[in-house]
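A single chain, nothing else alongside it, follows as structure tokens in the form predicted on its own.
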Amino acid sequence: MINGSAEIVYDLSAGDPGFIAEIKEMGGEELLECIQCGKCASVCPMALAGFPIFNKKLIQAIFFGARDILLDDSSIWACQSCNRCTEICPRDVRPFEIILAMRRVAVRELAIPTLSIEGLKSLYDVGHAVYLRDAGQTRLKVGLPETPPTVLASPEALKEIQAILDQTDLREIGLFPMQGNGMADASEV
């Protein structure tokens, strides 16, 4: 349970005893190497921004078997994938991989915030999770090409991204239409 002051209260009797194994299976193989030293939290932008569950607390909650609490909280989707936690971890836990494992569990359970679904759809449609459709004119005004030299300028790269996403559980879950046609109009930036 997360109360109004973002303090997390764990009911240890309600913990899921199989949760650690599930996270390890989903990509968090080094989870049990964590000694809760907190170095990952010291460099985590999510911790600095005040999210209630960031890397160190996520791992602690997994140890408690707090599966339902983590599925109800959207903090894991706020991770910016900076990988600072992985670089600083003295035990090679790779906390970012733990976050990704938790995201995989959340996707499988359809515990995905609406904004994250929109980001995934945008990633599939145009190759960027955050996409500013009308940024092209602004880019021209400051002397930049209308289309940035990213996947937006490479239909082949977009097809590759779509092919990768087509092989994930997203297609089976059906959160959004996945046509796999690579026909998104990247010139609309």
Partner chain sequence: MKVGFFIGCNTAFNRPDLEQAVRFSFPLLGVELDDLEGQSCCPSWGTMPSVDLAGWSAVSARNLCLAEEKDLDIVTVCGSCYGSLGEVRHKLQNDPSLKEKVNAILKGSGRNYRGTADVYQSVGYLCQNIGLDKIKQSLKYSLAGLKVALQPGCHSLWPSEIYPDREEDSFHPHMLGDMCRALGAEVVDYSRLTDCCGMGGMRSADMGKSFDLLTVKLNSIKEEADPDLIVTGCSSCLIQMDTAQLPLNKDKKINFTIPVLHYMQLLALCLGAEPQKVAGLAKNDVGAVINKIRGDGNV
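Numbering follows the first chain given and starts at 1. None of these values were measured; they are calculated from a predicted model.
FYI, the form predicted together with the partner chain isn't displayed, but the following is about it.
Chemist: Look at the candidate spot formed by Leu32, Arg67 and Leu71 and say whether the partner chain comes within 4.5 Å of a heavy atom in all three of them in the predicted complex.
Modeler: Result no, not one residue of the spot touches the partner chain.
Chemist: Can any non-hydrogen atom of Pro149 be found within 4.5 angstroms of the partner chain in the predicted complex?
Modeler: Judged by the heavy-atom cut-off of 4.5 Å, Pro149 is in contact with the partner chain in the predicted complex.
Chemist: Though only this chain appears here, would Tyr131 touch the partner chain in the predicted complex if you measure heavy atom gaps against 4.5 Å?
Modeler: Contact check for Tyr131: yes, within 4.5 Å of the partner chain in the predicted complex.
Chemist: Could you tell me if Ile161 has a non-hydrogen atom within 4.5 Å of the partner chain in the predicted complex?
Modeler: The answer is yes: Ile161 has a heavy atom within 4.5 Å of the partner chain.
Chemist: Given that the partner is absent here, does Ala61 sit within 4.5 Å of the partner chain in the predicted complex, heavy atoms only?
Modeler: Flag for Ala61 set to no.
Chemist: Using the arrangement in the predicted complex, list in sequence order the residues of 87-121 with any heavy atom within 4.5 angstroms of the partner chain.
Modeler: Glu87, Ile88, Arg94, Phe96, Glu97, Leu100, Arg103, Arg104, Val107, Arg108, Leu115, Ser116, Gly119, Leu120 sit within 4.5 Å of the partner.
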